[in-house]
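Coming up is one lone chain in structure tokens, specifically the form predicted alone.
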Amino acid sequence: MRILVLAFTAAITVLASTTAQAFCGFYVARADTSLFNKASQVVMVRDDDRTVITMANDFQGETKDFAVVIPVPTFIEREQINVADRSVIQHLDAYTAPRLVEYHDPDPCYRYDRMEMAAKSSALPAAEDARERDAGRGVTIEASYTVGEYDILILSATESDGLIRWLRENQYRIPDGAEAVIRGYLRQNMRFFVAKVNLEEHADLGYSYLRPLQVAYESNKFMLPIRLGTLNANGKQELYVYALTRTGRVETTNYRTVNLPSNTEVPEFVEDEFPQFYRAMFQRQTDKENGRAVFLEYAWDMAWCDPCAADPLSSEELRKLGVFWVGGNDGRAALKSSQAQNVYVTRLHVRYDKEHFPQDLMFQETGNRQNYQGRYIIRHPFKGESNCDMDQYQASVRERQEREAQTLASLTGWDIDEIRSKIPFIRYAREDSKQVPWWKTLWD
């Protein structure tokens, strides 16, 4: 039996503000999508009413069991569908991931003025009698395509019950509650993009994984239909949206878009526990927003980054993601090669379920081009030999370490005493003199 994953691919697992500035430092770790289970990714290229969506899922299992139904706002022709290179999405994930950076304190005995660094930094067979039966259900197969390793149908329907019956008769398993959700999409005159794996094509291509699917279309609706994905979801799921525009940041309009805490200093041991830190911090922030916010993790011009967790994407990679205005003709006007990196990228991260996200995600482009990145800072104290009185410096480091401990506890909810136990607090002479009377060691 074929198993239907009645969901938006990027939204589920298949059945089973800072000012613009130069961020200097040494990049040492990043919080990419591998830190979270059940993480799906969507790249959305948006310009006016034109959209290209690339959908990568975290499907694990037999390829014969994979199938997906995606609500789409318009009829989709064969040339509007493509199979993408997974490595390009992985590169985009690495480039936009929140990062950990480190600084090393200079010798405090050197005196110099601080200098600000300049900011650069096979068609599915359908017999005639089957088509007549489908029509009796109010379901129309408007088109059928084979694209790469996928067999794809474009369906329309007049009623949700008919579409549900059609799917069940074609041996798809439907999650409870699907009828009401499908009815809502039909009221919006949306069609359904149905994809399953063509096992023969998949074997011939030799891939050990399912490649991302891409769809290009024109619509005034700038949205991701996630509601179907909550019906058969086993718990909360992670969704990453990478929005690429010419204008600026992308934000959600029906849920709050919240900046994650950034530019905060954390203790040195976080370098070895960055995945645990980031997961705890994200959970803490999600709880503070009652599980109903979409979080901004990155927003930046694609032309540069500081510090870079990965190199910016090339024009060729951007074209593969559907950024149609770079490196050639965008369908309306040819652009010069010097404009090839005229791309602003927004990375959004949402943890969602049916209870907290009852509506699809609705987006808008904005003119906000202010740079932002999730950035967490480690400052290593100076530990070399020096030829001056270090008391004042050591006292300031001791205060900084305590401040970092409290910040970490606030961000993550971790126990402050346990955090302190992992910090090698620096000691200084005046502190020792206050704690140990001079005469206690006089005759030692």
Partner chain sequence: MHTLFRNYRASDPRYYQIAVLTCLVTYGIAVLDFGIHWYNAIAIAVTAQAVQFTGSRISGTAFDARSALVTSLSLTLLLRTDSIALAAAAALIAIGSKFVVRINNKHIFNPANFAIVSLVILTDDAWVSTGQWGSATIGALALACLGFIVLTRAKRAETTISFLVAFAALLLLRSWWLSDPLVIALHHLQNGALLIFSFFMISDPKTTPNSADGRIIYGIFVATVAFAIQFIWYEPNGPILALILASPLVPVIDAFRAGPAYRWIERPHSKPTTPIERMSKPKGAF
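Numbering follows the first chain given and starts at 1. None of the values given here were measured: they were computed from a predicted structure.
There is another form of the same protein, the form predicted in complex with its partner chain; it is not shown, and what comes next is about it.
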query: Answer range among 210 to 218, 367 to 375, 143 to 151, 94 to 102 for contact with its partner chain, defined in the predicted bound form as heavy atoms within 4.5 Å; finding: 367 to 375
query: Sole residue of Arg191, Arg227, Arg351, Lys196 within 4.5 Å of its partner chain in the predicted bound form, by heavy atom; finding: Arg227
query: Residue (of Gly327, Gly184, Gly162, Pro175) lying close to its partner chain in the predicted bound form, criterion heavy atoms within 4.5 Å; finding: Gly184
query: Proximity of Thr247 to its partner chain in the predicted bound form, heavy atoms at 4.5 Å; finding: yes
query: Contact test in the predicted bound form: Glu201 vs its partner chain, heavy atoms, 4.5 Å; finding: no
query: 4.5 Å heavy atom contact, Leu205 and its partner chain in the predicted bound form; finding: no
query: Contact of Asn82 with its partner chain in the predicted bound form (heavy atom, 4.5 Å); finding: no
query: Within 4.5 Å of its partner chain in the predicted bound form, all of Glu251, Thr257 and Pro358 (non-hydrogen atom); finding: yes
